[in-house]
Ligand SMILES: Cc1cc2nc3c(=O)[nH]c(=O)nc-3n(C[C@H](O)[C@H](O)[C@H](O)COP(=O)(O)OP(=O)(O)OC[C@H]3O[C@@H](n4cnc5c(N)ncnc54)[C@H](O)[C@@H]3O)c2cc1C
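Given as structure tokens, the chain that follows is alone and in the form predicted alone.
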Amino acid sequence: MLLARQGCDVTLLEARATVGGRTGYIEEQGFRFDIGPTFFLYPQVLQEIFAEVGRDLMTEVPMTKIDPLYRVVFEGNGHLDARDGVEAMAAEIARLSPEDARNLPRYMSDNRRKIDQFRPILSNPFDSLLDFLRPNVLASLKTLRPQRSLDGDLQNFFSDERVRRAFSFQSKYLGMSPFNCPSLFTILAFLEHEYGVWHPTGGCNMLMRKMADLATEFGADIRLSEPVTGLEFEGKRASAVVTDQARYDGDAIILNADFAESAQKLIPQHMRRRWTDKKIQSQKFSCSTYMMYLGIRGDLPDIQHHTICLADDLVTNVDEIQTRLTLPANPSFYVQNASITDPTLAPEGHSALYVLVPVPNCHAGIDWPNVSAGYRELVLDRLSLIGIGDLRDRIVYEKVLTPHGWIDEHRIYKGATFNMSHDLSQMLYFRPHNRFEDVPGVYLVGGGTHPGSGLPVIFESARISSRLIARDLKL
């Protein structure tokens, strides 16, 4: 959209029948589900991008601000509703810990400083180790506290473990644990409370569909169901894209597929000096997710738009996923009941229910064809923890997506839904660069490049890469 608006001759090649990738949609029997992301937060980034092409985001994609933002259920130990507005949120926290409620303004103020200092860092490419010596990077270290974990940093503000969990489960957006996720990412919960959580009418996929419409309006040629089979090179430079239908010359080739999967398949290893197969395979990758997309008869009026249920023994739950690489026996899970906000997602008298369970990625070697049916029963039983009784007789449409499905249907390396992990050793300069350092003419966009995963950050990567291309092509 950005490049077409600047006058580039843009061709977008999409393997699937719809745009959006992980932020695409499933539409069956009158039900529509987002495939992946369901939280839309920090709309400022996309608002700025739409403004760059002369459009208003909220006009183009109608949205509802959610309140409560979500409910966090602590297995066997109550719940907390994340309310819109600091005063309302403090009152809710006070039910669990009056002292922690008094510390909420201090948490907000600290993270306001964090985002003010870190957003300029995220908005720029990291092409050299010397970029770490930029004045704004050095000045941020005291505020960002990179030596701490997310949970460790929150202990400065919240003593009640339940409150800390409600401000740290967002590390799932990165496929990481709050116990080893860098403290920088306290900003994730802050962004929710500062700017709200939004629901685009029709789902997050509507953002992608609208951008595709605008890109087409600006002259882009979007070709669906046309998977890329390879790249061609002139010397070391990528010069053309090959599909099973045609060949396309290009002055710039933008790789917005899953980096770890597509780089190994499309770019010969001898052309990748830094990101060899061995290097890619040695990286730490996020967990995967076991997904259920359920169309059900009737509604669930007492279930919030977003509900996160955290396992009673969260430490063991995380250890099973990340260290033992076994299926969690008593998993945490997330449920979206968006039909209570958006009636367009299901036929009248029905609801669209989205269920996500963090599980190990395919590196674990779990035999999903044999365990999936049993795990389905476990997940359906655990829905009772958030007040959903037995749904089995009410299900009229069902799709299950296992980690193998993320590979087979979406070409995601190891089924690692959230890309490479966001350890400090895999961020900024140490992540694949937006101007791909190994192959001239190739640019990267998405969660596998700088700045990282999560929709606002991925949109920022699009802006970074578009600016690099505009500079390189002297637009």
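One rule holds for the numbers: they count along the sequence shown, beginning at 1. For clarity, every value in this text was computed on a predicted model and none was experimentally measured.
As for the form predicted together with this ligand, it is not shown, yet the points below apply to it.
Of the candidates P37, G441, P68, P432, P37 is the one whose heavy atoms come within 4.5 Å of this ligand in the model of the complex; the others do not. A single residue from the set L385, L310, L356, L104 has any heavy atom within 4.5 angstroms of this ligand in the model of the complex; that residue is L356.
This ligand is not shown here, but in the model of the complex it comes within 4.5 Å of a heavy atom of E14.
The shortest heavy atom separation between P227 and this ligand in the model of the complex is within 4.5 Å.
Though the partner is left out of this view, P43 does not reach within 4.5 Å of this ligand in the model of the complex, counting heavy atoms only. M291 belongs to the set of residues with a heavy atom inside 4.5 Å of this ligand in the model of the complex.
In the model of the complex, every residue of the candidate spot (R411, F418 and G446) has a heavy atom lying within 4.5 Å of this ligand. Only one segment in the set 22-30, 45-53, 423-431, 58-66 has any non-hydrogen atom within 4.5 angstroms of this ligand in the model of the complex, and it is 22-30.
With contact defined as any non-hydrogen atom lying within 4.5 angstroms of this ligand in the model of the complex, the contacting residues in 425-460 are G446, G447, S453, G454, L455, P456, I458, given in sequence order.
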